[in-house]
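For reference, the chain that follows is the form predicted alone, supplied as structure tokens.
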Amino acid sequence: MKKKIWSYATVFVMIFGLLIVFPGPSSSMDEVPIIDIHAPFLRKIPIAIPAFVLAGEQEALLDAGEKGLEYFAGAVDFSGYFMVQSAHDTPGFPGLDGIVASKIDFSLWKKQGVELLASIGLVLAGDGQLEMECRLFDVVQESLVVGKRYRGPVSDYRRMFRLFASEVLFQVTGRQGLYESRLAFVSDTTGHKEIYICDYDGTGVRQITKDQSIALSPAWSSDGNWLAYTSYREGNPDLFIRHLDGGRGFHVSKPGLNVTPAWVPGAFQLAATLSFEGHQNIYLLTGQGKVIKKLTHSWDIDVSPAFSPDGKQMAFVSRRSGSPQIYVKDMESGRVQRLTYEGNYNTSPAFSPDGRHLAFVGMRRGEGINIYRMDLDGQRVVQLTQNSRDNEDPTWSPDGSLIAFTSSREGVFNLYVMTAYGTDQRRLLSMPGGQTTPRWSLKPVRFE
């Protein structure tokens, strides 16, 4: 790769000995998002990602730069909002003489049909730390959108590229959180249903439970530190509440069912369906598993609680009307309202992070099981999947831009992802067996 020379004057400050992020220059777009992720028809923005620029002869950074650029291009593409043109994927792709505007021939990129351009410079500092300067340009206006600088160990290159990808997405959607998130899900890879965790893009898979039984319904606490789930490892469907450092946990083993946990936003409390009193109702529990109170009072089945982001509403599934339908409860007044009326099977409600929508699973005559999105008043229902066998278990990314779900379109159930409007549906990961019940973390989750 041809090396380019670049320079910049700046001061880097270490935080916890790892990484820093400096706020970049003011956006030429006045920080107004380009993409409205609520628009039903989205036009992908063409973005160019040329090869990174090295400061001098620094062979030690070649591997980190090439792998980082590949990761960055993949992360930007994963969002579903960009049409990526990358040096990693295109032989002979135009390069850069420098990362600043004065070194960029914008007319060249305009001829490529590009609207955004990402320039990335790398330098190995005297203390062996990687210093990375990143800039996003508006090619049409020939102006800087945002600039960021990062510093840390060379081994942290992936995290730096991820942070810049997050910044790019923020500049065009006004939202953050996707690239630092993780998903929990169920897989029978080992021959038993166990809980696993992966990065937002399906990489970095990690097995959490080793019960050699049946584990179901993982649910993240709002701080991302705890998982609640149901396991049959002791014979009964019991509820387990586990800290992800592996050292702490609680066990709810009341007679009957202890299933479908959901955490209360901003609190160390959760709701779950219990049947120890005879009927399957939803109860509020402490984070230690102690019953606080009963939240629903039905003579039939109430399951699958899901809280709005502010915790003021709880959606759930009930068969009180004769078939599984979605209801919502106002947590202050206690008023319960039915939301779904079309079809005899509507389940798995999931609030969008902004609280404006519910994703859910519905079955319509002749159409199989599909995923839908509706406004909170039950109106304006949009079908997101169709003609692809059964689709279930929707869960929103923390920025609200994507929905992960389960589908049997390739035979066994696997995990897929799509934009919030049902476009760009693709498989999330490939691993043996089937995968179900994805649940996206609401906040960044990190492990050593």
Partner chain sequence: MSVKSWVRFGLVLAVPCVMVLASCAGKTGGTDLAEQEMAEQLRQEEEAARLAAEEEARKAEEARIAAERLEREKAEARKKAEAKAAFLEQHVHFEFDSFALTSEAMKVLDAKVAWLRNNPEVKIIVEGHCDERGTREYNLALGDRRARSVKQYLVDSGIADARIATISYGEERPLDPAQNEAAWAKNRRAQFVIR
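Positions refer to the first chain, counted from 1. In this text, all values refer to a predicted model and were calculated from it rather than measured experimentally.
Separately, the form predicted in complex with its partner chain exists; it is not shown, and the next lines address it.
query: Looking at the partner-bound form in the model of the complex, is Asp300 within 4.5 Å of its partner chain by any heavy atom?
result: Judged by the heavy-atom cut-off of 4.5 Å, Asp300 is in contact with its partner chain in the model of the complex.
task: Examine Leu376 and determine whether its closest non-hydrogen atom to its partner chain in the model of the complex is within 4.5 angstroms.
output: No, Leu376 sits far enough from its partner chain in the model of the complex that none of its heavy atoms falls within 4.5 Å.
message: My question is simply whether Ile214 lines the interface with its partner chain in the model of the complex - judged by any non-hydrogen atom within 4.5 Å.
response: Answer yes; at least one heavy atom of Ile214 falls within 4.5 Å of its partner chain in the model of the complex.
query: At the 4.5 Å heavy atom threshold, is Phe93 in contact with its partner chain in the model of the complex?
result: Result no; Phe93 lies far from its partner chain in the model of the complex.
Among the candidates Asn225, Thr189, Ser323, Thr286, the residue which, in the model of the complex, approaches its partner chain to within 4.5 Å (heavy atoms): Partner contact (heavy atom, 4.5 Å) among the options: Ser323.
- prompt: Of these, Met363, Ile208, Met331, Ala101, which has a heavy atom no more than 4.5 Å from its partner chain in the model of the complex?
  reply: For this set of options, the contacting one is Met363.
message: When its partner chain is placed as it is in the model of the complex, are Arg159, Gly266 and Arg426 each within 4.5 Å of it, taking any non-hydrogen atom of the residue?
response: None of them does, since no heavy atom lies within 4.5 Å of the partner.
- prompt: Based on heavy atom distances of at most 4.5 Å to its partner chain in the model of the complex, which listed stretch, 146-154, 67-75, 105-113, 230-238, is the contact stretch?
  reply: Among the candidates, contact is made by 230-238.
- prompt: Taking its partner chain in the model of the complex, which residues of 422-442 have any heavy atom within 4.5 Å of it?
  reply: Contacting residues: Thr436, Thr437, Arg439.
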